[in-house]
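The chain below stands alone and is given in structure tokens; this is the form predicted alone.
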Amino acid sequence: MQWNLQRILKATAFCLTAACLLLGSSYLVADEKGDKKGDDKKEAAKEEPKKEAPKKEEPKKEEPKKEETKPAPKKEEPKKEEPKKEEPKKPAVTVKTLVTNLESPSGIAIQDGTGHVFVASRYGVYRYDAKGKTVDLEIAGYPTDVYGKGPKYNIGPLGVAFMDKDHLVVGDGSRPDAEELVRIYKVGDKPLEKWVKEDTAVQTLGPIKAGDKSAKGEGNFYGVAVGDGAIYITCNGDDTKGWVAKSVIKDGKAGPLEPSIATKEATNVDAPVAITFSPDGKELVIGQMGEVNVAGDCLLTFYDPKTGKLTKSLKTGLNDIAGLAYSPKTKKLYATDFSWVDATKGGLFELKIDGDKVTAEKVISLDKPAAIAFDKEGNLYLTVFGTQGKDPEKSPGSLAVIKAGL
């Protein structure tokens, strides 16, 4: 009985399986023939579309922007510092002494053609031949005067300049004010066999005596400059005026010497001393020394030589400008500071002008320097008083040179 039941169950299961297979095969065949019965039923079940109320569009939630991940900064290797480019150092300036034992050497003038250097000192005017390396006394026989306020110096002729190649202008300082003279000498290409007396000049200008223009008369003709058809000479006589005297040149002859520019009235500072012309010859440049016992009161001034009008007055911070000269090569302006109040501050300076300001840059220290003059090659000649030693027969005064390069 048990076995028959099992057989019945197995037969039943077999029939059911066969039925399922037949049904599945009929659906598969219908699909292959294109009878989409299943789709028809779906379409019949579709309802008329309902008009739906417009849906409010919900604001789209912006997805948070993905932050760009920046690459982690690279550790930069420390940069090797490049060595700083140093400004080219200025070549060292050296002063070579050419002539020694000159007492109170002051003015310098250089002769065209020969290049001979003429130097004024207490005893007269000397000629130095740079090529032959000889020094000769040319003009002598001057009296002596004393100048200064501690220290005091014995002085003779002071300023010198060439009017032309063969005529040397010498400003005197060996006499009292109102008696001083300006002499013009004829000089040749070669040294004289024997020096001549100071009264053998081919022309004598002055004196400028006391009068309406100069209360005391003029003297101590420190600086001489020739240009714009005239001779210009700085004076130290009437301190209330501070005159620059002028002599007009006509047909090779110098005219009367007369007070021309009252520098003290124009600047309110004493003692015009150094004098030169600008490289273009259009300006007369004067160093206003000021009081010798007052520090830092020195001025650099510019005048129109035709009218005598002051065009510019600049404070320099220097103590006592004694010499002025422009380099023929670089057109730079140089000055010496005698520095009466403190000799350690004296020296040669380059004066750098920027608008209404001037900067004095020291080139080299010197012991009481006076005049300066450039030759055509750019060599700078200068006179130095120096400090007097114990032996009165020996003077520290000298003529020196700085080789071309300034």
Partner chain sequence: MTTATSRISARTLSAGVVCALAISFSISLSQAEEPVIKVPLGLPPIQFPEDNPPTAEKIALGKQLYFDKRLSRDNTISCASCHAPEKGYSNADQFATGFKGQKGGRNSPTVINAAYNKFHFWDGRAGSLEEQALGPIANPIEMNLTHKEAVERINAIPGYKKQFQKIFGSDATEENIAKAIATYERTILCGDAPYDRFKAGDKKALSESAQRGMQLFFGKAACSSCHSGPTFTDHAFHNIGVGMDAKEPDAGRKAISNLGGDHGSFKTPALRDIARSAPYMHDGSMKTLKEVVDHYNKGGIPNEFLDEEIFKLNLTPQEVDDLVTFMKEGLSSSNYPEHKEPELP
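Residue numbers count along the first chain shown, from 1. Every value quoted in this text rests on a predicted model; they were computed, and no experiment measured them.
The same protein also has a form predicted together with the partner chain, omitted here; what follows describes it.
- This chain is drawn without the partner chain; in the predicted bound form, the residue among V248, A140, V294, V202 with a heavy atom within 4.5 Å of it is V294.
- Think of it this way: in the predicted bound form, the partner chain has a heavy atom of just one of T134, T311, N268, N154 within 4.5 Å, and the residue is N268.
- Shown alone here, G107 lies farther than 4.5 Å from the partner chain in the predicted bound form, counting heavy atoms only.
- Under a 4.5 angstroms non-hydrogen atom cutoff, the partner chain in the predicted bound form lacks R127 among its neighbouring residues.
- Although the partner is absent from this view, S174 stays clear of the partner chain in the predicted bound form, with no non-hydrogen atom inside 4.5 angstroms.
- Interface residue remark: K149 is counted as part of the site for the partner chain in the predicted bound form, having a heavy atom within 4.5 Å.
- Candidate site formed by G237, N319 and W340: every one of these residues places a non-hydrogen atom within 4.5 angstroms of the partner chain in the predicted bound form.
- Listed stretches are 182-190, 209-217, 324-332, 108-116; the contact stretch with the partner chain in the predicted bound form is 209-217, by a heavy atom cutoff of 4.5 Å.
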